[in-house]
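Starting off, we have a lone chain in the form predicted on its own, written out as structure tokens.
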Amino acid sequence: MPLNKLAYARYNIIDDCLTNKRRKYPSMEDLITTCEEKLQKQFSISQLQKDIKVMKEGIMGSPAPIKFSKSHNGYYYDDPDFSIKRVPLNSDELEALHQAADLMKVFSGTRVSQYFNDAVHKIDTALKVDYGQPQKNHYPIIDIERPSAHKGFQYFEFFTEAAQNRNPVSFVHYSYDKRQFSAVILHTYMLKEFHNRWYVIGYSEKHKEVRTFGIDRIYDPLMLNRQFTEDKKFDPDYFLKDLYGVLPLKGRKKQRIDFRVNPRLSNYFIANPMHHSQRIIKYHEYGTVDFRIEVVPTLELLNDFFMHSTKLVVLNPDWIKEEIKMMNKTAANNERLFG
């Protein structure tokens, strides 16, 4: 029979009382008072007696060893280490839990916030304290690319807090292209990761529009005590769904982009789509495939097309074809100049 939320809350409160080392042997009056204080409802003696009976019969498969001490006029656990929060696990379940902890550790590090890292560390430590080391020869069986600690990542939680609490911030931003610093006041809306790098997106008072700034180019951010500006034109889906990357090309709207991939790369694109909108529009002889995506063109998109230009050809629009040609010419000139 499924537990209702109120009953489950009472069981947990009773469990807390019975595991409290500072106030041992809580009486029935103590249990009722604590439940009423925490749940802001009145309960009868018969209700708490029923709760104790249910717990003793085995809540969540764990019979609670609740006893009553006449000499202390209160209740206690016959097993001092028992708690309904400590769910008994068989060997297979415990091994699965260790594997889940390993998987979370894989995703910790520079990719996420310190809060996540701390939580994963606590889970891993609790597993080892409560259940010991895994029985089998245990080592991680999953590994992912671990990006190095990127410059500016120490501000990740700062901007997360700014977005959650709607606090405007000020910082100094360095432009790699212009090679100069500028002061920015930003009303942070969201953070986005792309190619293992983090960007902060928000309304810039300097530019009078929503802008994207790489965290690696930000210095000395400060929280400001001023009114938060919500740009009514801001569309999260634009950044989350329509953009391939984070830096849209000025004046370019969402559009269809067709490209042809040779047999050496086509299976890779089938297995790993560039974008959620990607679809196959034609199969050719010998394994060449034509694809289509519908995105807002970005600097990252052009760079990725250029990176694969020995195995990929843009079919349309024409302006992207010309951009890729120019990038190849520039690369050839650079080879002559610096090679």
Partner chain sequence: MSDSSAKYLFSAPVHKTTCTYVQLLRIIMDKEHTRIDLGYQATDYYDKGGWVRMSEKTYIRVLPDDDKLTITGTENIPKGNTKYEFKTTKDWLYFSLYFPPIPFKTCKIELIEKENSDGTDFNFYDIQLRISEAIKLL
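Owing to the predicted nature of the structure, the values given are computational and were not obtained by experimental measurement. Numbering follows the first chain given and starts at 1.
Although not depicted, the form predicted together with its partner chain is the subject of the following passage.
Only one of 176-184, 230-238, 243-251, 194-202 places residue heavy atoms within 4.5 angstroms of its partner chain in the predicted bound form, namely 176-184.
For His72, no non-hydrogen atom is located within 4.5 Å of its partner chain in the predicted bound form, even though that partner is not displayed.
Residue contact with its partner chain in the predicted bound form: Ser170 places a heavy atom within 4.5 Å of it.
Heavy atoms of Asp79 never reach within 4.5 Å of its partner chain in the predicted bound form, leaving it off the interface. Among heavy atoms of Gln164, none comes within 4.5 Å of its partner chain in the predicted bound form. Proximity to its partner chain in the predicted bound form, defined as a heavy atom within 4.5 Å, holds among Arg226, Arg264, Arg211, Arg86 only for Arg226.
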